[in-house]
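In structure tokens, one chain follows: the form predicted on its own.
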């Protein structure tokens, strides 16, 4: 008699370190610049705001299916996983270390609302340094992959970081974007995006729509084991950065705007792409969802 399947453990509900320990091989993670070193933001205390001894991100070494990797996991429970000076420096340092040491890859567990408003200039500079270090690591031949399934999603500057990875895995509950829904509503008005319409927000930013747009590579269940398998798979899919590839991406974006720019809702885009029963896509489990998208008569460029 076969053993029952292991119960699912939610990735979304887990904290940063629990996610990291579940994605990497058991007992393999060794943290760098951990809480005991108390390297924390110099700005938050000056503003009388709470600080964290790890500044909201855990970084370190480990193995994934026996292969050496460097990894980082953002803690959404601390300031929404937002990037400040120290938080960004830890991510930058990890990526620079990857370029030097040439591990099998870097795994980024992304859960961030963007840059801390309390450290705006320092945070913006930090994101630019993260991007430079990420692209340098990829240019040195080290694949960098991202996992998005936390409660804060991946927005702002970290949304750009995510899209600069070799590959992304997302759950339906994960969200990815540049400007978050609240930012759009505040700047453009409720007519542009009503954040009270949570179904619309999830359709627009969620993992399923990002898969349709080709902005994420794998759609996985909200399960720690599923994200671990996705990370291992993505590390085998390295994408070499070339000018030709960048030009192709630009052409695809121009084509998407021309073909689907008038769509007011993701369901409209799915319908225009020829998906059968597009209104049912949000209700489908990952496998039937992917099958429905694959049958689209007009794939989104």
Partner chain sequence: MNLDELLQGLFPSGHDVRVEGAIASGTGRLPGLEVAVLGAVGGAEVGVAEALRLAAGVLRVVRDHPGRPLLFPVDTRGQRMARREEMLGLNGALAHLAECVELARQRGHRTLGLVHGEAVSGGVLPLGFMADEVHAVPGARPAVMNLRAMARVTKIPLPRLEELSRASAVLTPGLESFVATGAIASVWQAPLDAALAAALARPGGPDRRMALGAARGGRTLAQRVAARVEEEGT
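Worth saying up front: this structure is predicted, and the values here are computed from it rather than measured. Residue numbers count along the first chain shown, from 1.
Beyond what is shown, the protein has a form predicted together with the partner chain; the following relates to that form.
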(message) Residues 174, 196 and 288 are flagged as a possible site; in the predicted bound form, is every one of them within 4.5 Å of the partner chain by some non-hydrogen atom?
(response) no
From 218, 224, 72, 97: within 4.5 Å of the partner chain in the predicted bound form by heavy atoms is 97
How about residue 261: is it within 4.5 Å of the partner chain in the predicted bound form, going by heavy atoms? yes
Using a 4.5 Å heavy atom cut-off, state whether residue 62 contacts the partner chain in the predicted bound form. no
So in the predicted bound form, does any heavy atom of residue 232 sit within 4.5 Å of the partner chain?
no
Checklist entry - Is residue 236 one of the residues lying within 4.5 Å of the partner chain in the predicted bound form, judged by heavy atom distances? => result no
Restricting to 64-93, the residues within 4.5 Å of the partner chain in the predicted bound form through any heavy atom are 85, 86, 89, 90, 92, 93
